[in-house]
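Given as structure tokens, the chain that follows is alone and in the form predicted alone.
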């Protein structure tokens, strides 16, 4: 099943073509990487998935039009620069998002404990947000995605600010979530990490989709980094 489906999606900002007839499909239960250089249109497409930007064409989530509120039920989003009120503790942030998901009582407490454990930040639960390092803030943001039963997780540069241990932990977590049948949609520049965790890949440049398919189809016998470089540089000739 295609849990995300875009058909002929276009978006202009004045004379700038952010997206130009973009079509792509994301299979349920997969890890999908949306790749491209700066200005390729990745952020515009992610905003359109969240219902924050209107584009021409058609986008469906879970078989429903993206602007149908029911389409976004069970969807969680982590922006590239996650932050929260400085006076909240890590535990307080998770409780806030958990309550927004309808959790309370022992169910909320259990979900917080599991999310803290999954991101290895249990010892930070009482620490205030303004006392955290960049990597710890990022881990807190990632933990929020685990509050509630979210089936679609959209991650914008999720490895930003993480140290090597954090990167390894996140890759393990993404593989675990994928095994549970969740769909992971990742917008990232870190090609080496995408090559290790993603099943499907799309490469954008100047609002156009240059290639889309399974990881093996896209990169062939090359590394993903080399395939990306050759495609984008070739498109600019």
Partner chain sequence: MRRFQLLLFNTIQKEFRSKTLVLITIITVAVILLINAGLNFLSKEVLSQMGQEGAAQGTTMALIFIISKFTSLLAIIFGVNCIKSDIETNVSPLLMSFPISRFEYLAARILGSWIIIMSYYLFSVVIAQILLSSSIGSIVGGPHLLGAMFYTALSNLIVIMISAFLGLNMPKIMALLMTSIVTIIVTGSNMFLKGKEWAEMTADLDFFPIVALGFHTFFPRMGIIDDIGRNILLQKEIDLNIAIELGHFGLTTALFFFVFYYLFNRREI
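Residue numbers count along the first chain shown, from 1. Given the structure is predicted, the values throughout are model-derived calculations rather than measurements.
There is another form of the same protein, the form predicted together with its partner chain; it is not shown, and what comes next is about it.
- For the candidate spot formed by 27, 32 and 45, no residue has a non-hydrogen atom within 4.5 angstroms of its partner chain in the predicted bound form.
- The partner is absent here; in the predicted bound form, the one residue of 50, 190, 197, 211 having a heavy atom within 4.5 Å of its partner chain is 50.
- Note on contacts: among 160, 122, 101, 136, the single residue with a heavy atom within 4.5 Å of its partner chain in the predicted bound form is 101.
- Only one listed stretch (182-190, 201-209, 34-42, 51-59) carries heavy atoms within 4.5 Å of its partner chain in the predicted bound form, and that stretch is 51-59.
- Contact check for residue 219: no non-hydrogen atom falls within 4.5 Å of its partner chain in the predicted bound form.
- Among residues of the shown chain, residue 83 is one whose heavy atoms approach its partner chain to within 4.5 Å in the predicted bound form.
- For the chain shown alone, residue 148 is not a contact residue for its partner chain in the predicted bound form, no non-hydrogen atom being within 4.5 angstroms.
- Among heavy atoms of residue 75, some come within 4.5 Å of its partner chain in the predicted bound form.
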